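Only one chain is shown below, in C-alpha cells, and it's the form predicted alone.
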Amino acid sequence: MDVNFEALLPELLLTLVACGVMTIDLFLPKEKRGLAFPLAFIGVLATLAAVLNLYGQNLTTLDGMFVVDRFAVIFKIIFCVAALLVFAVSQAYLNDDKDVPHGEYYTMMLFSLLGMLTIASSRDLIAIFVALEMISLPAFILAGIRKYDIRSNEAALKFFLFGVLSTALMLFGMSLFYGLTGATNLADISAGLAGRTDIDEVALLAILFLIVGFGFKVSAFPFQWWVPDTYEGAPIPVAAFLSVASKTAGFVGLFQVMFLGLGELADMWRPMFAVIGIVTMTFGNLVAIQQKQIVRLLAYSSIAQAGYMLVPLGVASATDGALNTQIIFSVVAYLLVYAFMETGAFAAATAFGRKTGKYLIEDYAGLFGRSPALAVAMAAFLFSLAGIPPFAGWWAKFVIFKTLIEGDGLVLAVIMALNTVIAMFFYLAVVKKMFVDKSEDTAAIAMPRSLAGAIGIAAIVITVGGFLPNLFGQLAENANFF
C-alpha cells in the first residue's frame, strides 16, 4: 500500500496535537488546566496552515482510499475555521462552567475534528465509515461531559442510542453494496453498478439503510429526534459544533457516497431525498415556531436548514453531470454560509446566558437597550438564517432555488419558498423581543474577548458575504469532485 505523507500531513499533525493536549493535561496542576485552550487553538491553526498548503494539489494515497483535491481541501478549511470559532466560544463558556474538564473537552473536540478532516478525503466506504465513527464517538462524550448534570447525561444517552442504531443500519447498507459489486472504493462501486438491471430490490434496501445512517448525521426527518434534547443538554459550544461541523461532515459523506458511488442509481434515490427534504424543512420550521427556549429554537432551525440542503438532491440525475455539479455547488455554498451564521447564533446565545443561565426567548426582551452590539449581531445571524438581505443567507437560499428550478424541481422550490416564509415568523419574533419589547433588567452584558471576537468575525463574514456573495461562490465552485 502506497503512503503519501504530504497528503496526510494535516491529519498527522492534528493527531499529534490531540495526543499532546491529552498527555500534557495529565501532568498539569488543576489551576493551569486552562492551558489546554491555547495549545488546542494553536494546533488547529497549524493544521489549517497545512491544509492551505495543499490547495490546488491532486494527491492520492492508501490505494485510492484517501484523496486530496479541492473538494477535500475546501471542506477541511471549513472544518478548521468552524473549530476555531467554537474553541473561542468554548474558552468563555468553560471559564464559567467549572464542572467541565478542559483537557478532556479539547481533546475530544480535536479527535472529532480529525474525523472530519478524514471524511473530506475519503473515497472508500471503509474510510468513510471509520471517519464517521471518529467524529461521533468523541461527540457522544462531549454531549455528556458535564457528568453531574442530569440533562447532560440524558443528552449523551439519547445521542448515543440513536447514533448506534443509525450506524448499524448504515454499515449494513454498505455491506450490501459490497456484496453487489465486490468493492468498497466508490469509483469501483460506480463501475460495478453501471448497466446493472438485476439489483433493484437489494439496491433499494441498501440505499434506505444508507439514508438512515446519513439522515442521523445531518439531522433529517425522521432521524432528528435526538437533536433538541442533545443541543439543550450539552454545553452550548458542543451544540454549535454538532450543528455546524458534524452536520457538514455528514453532508460530505452523503455527497461522496451518492454521487461518486451511487450516481448510476440516482433515479432510485432522487425521489427519496425530495420527500425527506420537504418533510425535514417543514417539520423543523413548524416545531420551531412553538419553542420558548433559544437553544431549542436553534436546534429545530438547524433541522429545517438540513431540509433546505437536502432538497437539491431531489433533482439529481444519473446522466446529467452538469446538473449534479450545480447541485453540489449550491449545497456547498449553503454550507459555507451556514457555518458562520449558525456558529454566530450559538455564540450570541452563549454570550447572553453565560452568567445568568437564562436561555428563554422571553428573557431577550429589551436586549438592544442593554447590549446594542450583541443584539445587532444576533439579529444579523437570525436574518441570515431566515434568508433576509443584506446578509449572506439570502444568497445561500437563492442558489438552492436556482438549482431546483434548473433541475425541473419547481414544486420543490415553491415548497421551500413557503417554508422560508414560515421560518421568518420565529426568527423575527426573537428580533422583535430584542428591539421592540421592554425589560426591567437594564444590566449590560459583558463578553470576554474570545467570545466577542468569534461573534464579530461571524457577523462580519455574513455581512460582507451578503454584499459580495462571489467570495463564497468561488470557493463553492472549486469544491467539486466531477
Partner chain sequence: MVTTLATAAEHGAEVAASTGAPLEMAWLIPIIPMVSAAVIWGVGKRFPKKGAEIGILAMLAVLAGALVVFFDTIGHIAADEGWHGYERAVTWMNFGPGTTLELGFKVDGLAAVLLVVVGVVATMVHLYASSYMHDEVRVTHFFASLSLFTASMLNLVLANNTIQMLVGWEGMGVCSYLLIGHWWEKHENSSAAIKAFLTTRVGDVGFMLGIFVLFWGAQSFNVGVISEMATAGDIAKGTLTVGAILLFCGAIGKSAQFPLHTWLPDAMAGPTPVSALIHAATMVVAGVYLVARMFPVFAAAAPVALEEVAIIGSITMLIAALLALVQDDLKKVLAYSTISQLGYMIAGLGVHAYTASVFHIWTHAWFKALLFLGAGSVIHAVHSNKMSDMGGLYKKMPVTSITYIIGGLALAGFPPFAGFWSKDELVLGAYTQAMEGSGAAMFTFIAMLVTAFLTALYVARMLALTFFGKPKYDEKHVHPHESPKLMIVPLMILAALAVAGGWVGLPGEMNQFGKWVHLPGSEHEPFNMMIAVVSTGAALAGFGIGWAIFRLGKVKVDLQKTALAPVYKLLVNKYYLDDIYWKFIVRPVRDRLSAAAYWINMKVLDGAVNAAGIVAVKTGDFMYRDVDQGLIDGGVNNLAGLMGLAGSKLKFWQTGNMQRYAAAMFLGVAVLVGAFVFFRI
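It should be emphasised that the depicted structure is a prediction, and the values quoted were computed from it without experimental measurement. Positions refer to the first chain, counted from 1.
What follows is about the form predicted in complex with the partner chain, which we do not show.
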{"item": "Contact flag, Asp198 vs the partner chain in the predicted bound form, heavy atom cut 4.5 Å", "value": "no"}
{"item": "Partner proximity in the predicted bound form: Ser166 to the partner chain, non-hydrogen atom cutoff 4.5 Å", "value": "yes"}
{"item": "Interface membership of Asp229, the partner chain in the predicted bound form, 4.5 Å heavy atom rule", "value": "yes"}
{"item": "Distance check, Leu205 to the partner chain in the predicted bound form, heavy atom within 4.5 Å", "value": "yes"}
{"item": "Sole residue of Phe223, Phe255, Tyr359, Phe111 within 4.5 Å of the partner chain in the predicted bound form, by heavy atom", "value": "Phe223"}
{"item": "Single option in Ile328, Val212, Val295, Val81 placed near the partner chain in the predicted bound form, where near means a heavy atom within 4.5 Å", "value": "Val212"}
{"item": "Options 67-75, 236-244, 335-343, 154-162; stretch whose heavy atom lies within 4.5 Å of the partner chain in the predicted bound form", "value": "154-162"}
{"item": "Triplet Leu54, Asn95 and Tyr105 all within 4.5 Å of the partner chain in the predicted bound form via a heavy atom", "value": "no"}
